[in-house]
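Listed next as structure tokens is one chain, alone, in the form predicted alone.
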Amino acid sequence: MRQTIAIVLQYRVAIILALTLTVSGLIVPGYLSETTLSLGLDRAAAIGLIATGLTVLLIAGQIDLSGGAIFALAGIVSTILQPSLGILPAALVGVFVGGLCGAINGGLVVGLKVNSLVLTLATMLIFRAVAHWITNSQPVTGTDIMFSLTMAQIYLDIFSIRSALFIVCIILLHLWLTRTIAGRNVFAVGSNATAAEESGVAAGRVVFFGFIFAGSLAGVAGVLQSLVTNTGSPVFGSELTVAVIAAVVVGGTRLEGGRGSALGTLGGVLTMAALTMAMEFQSVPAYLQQVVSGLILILLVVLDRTVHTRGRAAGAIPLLVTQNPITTGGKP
């Protein structure tokens, strides 16, 4: 019995995703068609790119609540600069703005040694205010609607440009976290930053570059959204934060740090996207969709805490490795 429970918990992301797709396919006509799946994957890519960056931060024991605001600001900047720079150079500037916002977050968290939850809550408000200020709280329009249609085109019957980019980013992150010393150091910092420092890991540097990575991917997601819609808006991404955190937590990444995986995040993103699409097909109001996402988040956090507490009470070996986190690290 215990072995069965352990297997279920280990593969819970895949099980939840399979159940979601199965039930949705039975209830919603045409849900499992290629058109629906490609649309769902494309829409999930925006959340997925931000979730990819947040995965690294959560593993490192940090959090970033400003991803949605960076998403909007980067898209606005890239759209405003299109007439003077051109579409692609303006897009690169938008991504740079995302990385700059991440650097601001990381610099303040590491330099001032403040709680990242509180700090990024403050910068979320600031970045969103800047987005409203430079647009006068009005959406801005790009220069080439045909380019937007190209960006939204589906290739190989399933992938758009941004959904393909999301999958590539997830795979590369998985390889980095599992195959490199730098990736394993992220787990070490999240498990115990003090022990990691004593073992020679520059915990502050890991956290700082984690924020830059998260900000850059939020910038990429925002720029791609503005290119697909040919619009930049200060209200874009206002409801992404809960969805992104829920997707990462569904994927098995602990809010306390030290455990998580890129492939788990992929499963979490796909699960939340599948659930959202099913509710939209059934005309479930947006506010009820938010309620469902919040309840799932609470349920999984409680489940993870319960399993972790029982494991420690039973004398299980903790994930924290303090003897040599550089070479062994924490494993998801």
Partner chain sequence: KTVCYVTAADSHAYATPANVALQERADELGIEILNLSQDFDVQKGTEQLNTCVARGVDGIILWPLDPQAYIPGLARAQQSNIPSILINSPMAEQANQFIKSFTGPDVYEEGEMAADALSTAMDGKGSVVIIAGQAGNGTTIGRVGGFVDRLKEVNSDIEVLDTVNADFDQQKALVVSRDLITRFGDKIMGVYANDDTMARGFIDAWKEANPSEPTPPIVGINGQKDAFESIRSGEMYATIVQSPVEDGKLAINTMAEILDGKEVDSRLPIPLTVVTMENVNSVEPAF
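In this text, rigid core is short for the largest set of C-alphas that superpose within 1.5 Å between two forms. Residue numbers count along the first chain shown, from 1. Fair warning: this is a prediction, and the values are worked out from it, not measured in the lab.
The discussion below concerns the form predicted together with the partner chain, not included here.
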{"item": "One stretch from 129 to 137, 163 to 171, 206 to 214, 81 to 89 that, in the model of the complex, holds residues within 4.5 Å of the partner chain by heavy atom", "value": "129 to 137"}
{"item": "Proximity of residue 152 to the partner chain in the model of the complex, heavy atoms at 4.5 Å", "value": "yes"}
{"item": "Proximity of residue 156 to the partner chain in the model of the complex, heavy atoms at 4.5 Å", "value": "no"}
{"item": "is_contact(residue 270, the partner chain) in the model of the complex, heavy atom dist at most 4.5 Å", "value": "no"}
{"item": "Interface membership of residue 100, the partner chain in the model of the complex, 4.5 Å heavy atom rule", "value": "no"}
{"item": "Those residues of 59 to 85 which, in the model of the complex, come within 4.5 Å of the partner chain by heavy atom", "value": "71"}
{"item": "After fitting the core, residue 293 CA displacement of 2 Å or more between this form and the one not shown", "value": "yes"}
{"item": "Rigid core fit then residue 263 CA moved by 2 Å or more between this form and the one not shown", "value": "no"}
